[in-house]
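Given as C-alpha cells, the chain that follows is alone and in the form predicted on its own.
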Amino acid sequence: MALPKTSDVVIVGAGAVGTGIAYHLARRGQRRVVVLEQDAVGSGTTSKAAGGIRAQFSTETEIRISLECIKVFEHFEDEFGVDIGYRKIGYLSLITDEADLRGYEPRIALQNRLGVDVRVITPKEAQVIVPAMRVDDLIAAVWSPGDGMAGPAEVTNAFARRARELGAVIVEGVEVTGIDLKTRVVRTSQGEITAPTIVNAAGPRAARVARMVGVDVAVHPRRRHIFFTEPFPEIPGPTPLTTDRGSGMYFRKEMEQLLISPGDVVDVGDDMNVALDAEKRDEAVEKAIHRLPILERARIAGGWAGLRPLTPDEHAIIGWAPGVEGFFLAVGFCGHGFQHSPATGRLVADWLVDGRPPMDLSVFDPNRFA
C-alpha cells in the first residue's frame, strides 16, 4: 500500500490499540485515516501477548472498560465474522502473604459492586480448580470465573480488515522517522504525510515517537518471557490463567501445552531487545515445578519474549499530549492493551470526533506525570 500524501488522522502503530482506534474512527465516518506500522499488523507487542481478558482492575474506569470489552469479545464473531477463540477459563491468583491478601479486599469490594464475580477461596478450593497444584504454602486464592482469553492476532487483524473495508489505509513496513507539529508533517521511510491529528499508539516505542515532538512520555518497555511445554496431557485443560503472587510466575493451558512465564520485568532500555534469555527459561521451570511438581516430567519446547509498555503507576496514558497541539496519546497499557483495545478504540475515536472524552478518563491523564 502506497503512502498517501495527506490524511485527517495519522495513527502510529498497528497493534490492537492502533487498529481498534482506526476501526472506530472509520465507523464514525472518518474515512481519511492512515495507520503507519513499521512491521506488519499486530506483529509487535500484540503478537507476544498471552491473550488474557480480565475485569480485575483497581479503578472503576478500568473495570467498566473491561466489562465493555468482554461484551465485545462475547459477540466478536457475530460482528466481525472471525472466531477469536474466546473462552471463559477464569483467573486464579495464589496468595502466600497476608498483606497481599488484605490489599485485595478493597479491590474485590469495588469489583463486586460493579457486577464482577471475584471471590476469595481456600487453598483446597484452588486445588480443586487445578488439581496438580501444590497448595500447602498458600493462605488463600482469588478466583474470578468470568475472566478468560482470546487470540490477540485474530482480534487485531479483524479490526484492521474492517477498518480498511470502511476506508482507512494501513501502510505496513514503513518507519516513522520524524514529526513536525508546526507543519503537521510525519516523515517516514516512504516519504511524508500531512495530517492535523497524530495519534501515538506505538506500544513500547511510544516514548521514542513522543520524543520526536519534544514530549517526555513515561512509558518504559520491559521484557517478559513466555515458554511452552511439549504436549502434556497430565495437566488436563481447560486450565485458568493462574498467577503465583509469591514468585510472579503464571501459567495456563494452550491446547495440550502449558504456557509458563517467570513473570520477569527486565528493563531493555532504548534498544527494544526481545532476545530469549536462557536463564529466564530456567527460572520459569524452577518456579513452575515448585507450584506444579508434576512438571518435572514435562519438557520445554520453546518460547518467546515480548515488551510490556509500563508506566510508573501501571495505568495507561490516554489524552492530548501536554504542551503541544495535535498529538494524541494512547499508550502505556502495561500489558493489557489487547484486552482493552475494543473500548479504547471507541473512547479515543469518540474523543477525536466529538472533541471531548465520552466518559471520565482522568485516571489516564497524561499530565499526571508532569
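The first residue of the shown sequence is 1; numbering continues from there. Treat the numbers as computed from the prediction; the structure is a model and nothing was measured.
Heads up, the form predicted together with a small molecule isn't pictured, but that's what we're talking about next.
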Would you mind picking out the stretch of 320-328, 44-52, 23-31, 61-69 that comes within 4.5 angstroms of the small molecule in the model of the complex, counting non-hydrogen atoms?
-> 44-52
Using a 4.5 Å heavy atom cut-off, are Ala163, Leu166 and Asp350 all in contact with the small molecule in the model of the complex?
-> no
State yes or no: in the model of the complex, is some non-hydrogen atom of Ala343 no more than 4.5 angstroms from a non-hydrogen atom of the small molecule?
-> no
Report yes if any heavy atom of Arg205 sits within 4.5 Å of a heavy atom of the small molecule in the model of the complex; otherwise report no.
-> yes
Considering only heavy atoms, tell me if Tyr250 and the small molecule come within 4.5 Å of each other in the model of the complex.
-> yes
Residue contact check: Gly335 to the small molecule in the model of the complex, 4.5 Å heavy atom | yes
The small molecule in the model of the complex has a heavy atom of only one listed residue within 4.5 Å, and of Val174, Leu92, Leu295, Val116 that residue is Val174
